[in-house]
Ligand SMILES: Cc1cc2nc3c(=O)[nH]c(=O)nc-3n(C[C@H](O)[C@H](O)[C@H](O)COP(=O)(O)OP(=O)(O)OC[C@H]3O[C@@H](n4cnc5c(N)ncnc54)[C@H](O)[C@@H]3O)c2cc1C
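Presented below, as structure tokens, is a lone chain in the form predicted alone.
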């Protein structure tokens, strides 16, 4: 039955008060909240295991005015927090004197709701035993240097037991499952929801699932909450909607835009479809291991630079990963190509020996792994040859698969210029090492001892190493527009009764911003919590 078809004569195989589709941070938060409010809840997961992209993540969450900040005496005023979020969400529209700071009214209302209810959502999850909040109050926001950021720090949190490490997502899911068991939430894997069942007035009555029990219709007496992730792994949706030539991403491979298609057929309006949570990604790791690859959230080492196919630096290598990714989308109107696609990270032996690791998508490998993605050579001439060969093997589009004829000469000039900046401590080209988040990253992942702790002149002798980077997504952040309660909206602003969405499958009020570490999951907790509360209190139509 195609989504959008009105049916009054449905035979239901099962009934629950609330159906939640998806089992990551958004899905579990909505399910646990609804169950705690007395609803019978089933969680339907498309994959063979729960967790989605959350399982792969460190599960940091960015929440303004949280209780750890307050306990530490860090003030986070509402007006300035809203200004910080709005300034980055819509930088071309931001107007500090405007009643909604220049944002569309519905986006501003969502930012207000996030400030007002974000910590409330954390408290609710803690009370349910699903989460134990930890964090280090000194960790700065990604744009702590902006005047709009008053507290500068303290908003990035994590599951306490993980202590900020890569295993945070697994720790979070263990807590979710324990709480789900206590609350009687039924969780089914390998059970995709393939269709919506709509009533005569367009109300979402339930879903069609195709799982181990065969194709069945499951009734939601109060509502259906979709939390199925974005469309990272649907190449057609990426091509049609994203703002640049993303090569893929590190979201769960099941994130194929399912809710975009179902909600559109049900009459939903889409928003923010051009935006994604972004990070550079190692191309060869993406090609070989699309399910396990991570974005390069950390690119450590003071003796490492990133250049384009002409051998020139084009970005601040220590800027937040989301901001680095914007450099890939530069367009050359003369050649008719993207000159920064791909980019090439280059480092020396000291970096290779000191900062290799497997967490957070580090492109510099430790000694014990098969570093198939690393290109190595004894000198710069050999490195150019090896990079050129690897570019051809990777199979990029014509024109993006070869180096400029003067790559080696340009690279030598680039290295000399970078070395002079490192010696002086000031990067006159890209201001590397000037912001609090860059210095915090250097302190965590390998600071240098020079005038600028993020910079060091690369060795004048080899060996040298390199890898190819492309623009990737953590996941997309566009989809059906929802209100602050998670209700899916039509183009005229009316709600589709009984249909909710949360997480990366719906339009994010963050716009194009990435406010700080955990900027994905923090809002997800808040809005999934609000959706869970609202759907649990709803009285649906008889069917």
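Residue numbers count along the first chain shown, from 1. The model shown is predicted, which means the values in this text are computed figures rather than measured ones.
Below: the form predicted in complex with the ligand, not depicted.
- Shown here without its partner, the chain carries 282, 308 and 471, none of which come within 4.5 Å of the ligand in the predicted bound form through any heavy atom.
- Though the partner is left out of this view, residue 27 does reach within 4.5 Å of the ligand in the predicted bound form, counting heavy atoms only.
- Using a 4.5 angstroms limit between non-hydrogen atoms, residue 535 is distant from the ligand in the predicted bound form.
- The ligand is not drawn, but in the predicted bound form it has no heavy atom within 4.5 Å of residue 273.
- Using a 4.5 angstroms threshold between heavy atoms, residue 481 stays clear of the ligand in the predicted bound form.
- Just one listed stretch, out of 484 to 492, 66 to 74, 30 to 38, 44 to 52, contacts the ligand in the predicted bound form at the 4.5 Å heavy atom level, and that stretch is 44 to 52.
- The partner is absent here; in the predicted bound form, the one residue of 124, 298, 242, 193 having a heavy atom within 4.5 Å of the ligand is 193.
- Residue 255 is the only one of 325, 454, 255, 340 with a heavy atom lying within 4.5 Å of the ligand in the predicted bound form.
- Taking the ligand as positioned in the predicted bound form, the residues of 223 to 249 that bring a heavy atom within 4.5 Å of it are, in sequence order, 227, 228, 229.
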